[in-house]
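This document starts with one chain, in the form predicted alone, laid out as structure tokens.
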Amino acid sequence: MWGCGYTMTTWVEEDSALEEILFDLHISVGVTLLFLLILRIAVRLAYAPPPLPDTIRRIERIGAHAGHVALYILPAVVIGFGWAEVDVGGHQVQWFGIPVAKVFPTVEVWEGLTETLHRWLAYTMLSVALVHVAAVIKHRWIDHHDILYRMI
């Protein structure tokens, strides 16, 4: 999603056929990810993950909890602002060509704000994801904590 979003807003000619294809793909995948996120949250609420190893320090536990909360909230917020960007701009969100209900009113003056928030929160989410991966690598190969089973 980040690669597609960056490419379509930076490298591709504005109003070109390729830009339209990338926007449609980006929006469709975003809608798919929203429904997968809802499913993931339902599974997470139904099944608690195994506890962290006792050898993990308290500050790392707090960081892990905050990171996990961010990895649930940020995607929802990023997708919400993306959806808002499309709706407030007077366009139609479509899921692989199928029109989806309009959630936000058309208020074109808000389009720039929703676009900016969508972009910067997506970069924030990317940063959180990279820190999460770095933490997994640290715990697995430096601290020798067997935490990968929690992800599975």
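Because the structure is a prediction, the values reported are computed rather than measured. Note that residue numbering begins at 1 and tracks the sequence as displayed.
Below, we turn to the form predicted in complex with a small molecule, even though it does not appear here.
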* Do Val93 and the small molecule come within 4.5 Å of each other in the predicted bound form, heavy atoms counted? -> yes
* Does the 4.5 Å heavy atom contact test between Ser16 and the small molecule in the predicted bound form come out positive? -> no
* **the small molecule contact at Phe35 in the predicted bound form, heavy atom, 4.5 Å** => no
* in the predicted bound form, Ala122 touching the small molecule (heavy atom, 4.5 Å) -> yes
* Asked: So which of Ala64, Leu117, Ala70, Val31 reaches within 4.5 angstroms of the small molecule in the predicted bound form, heavy atom to heavy atom?
  -> Val31
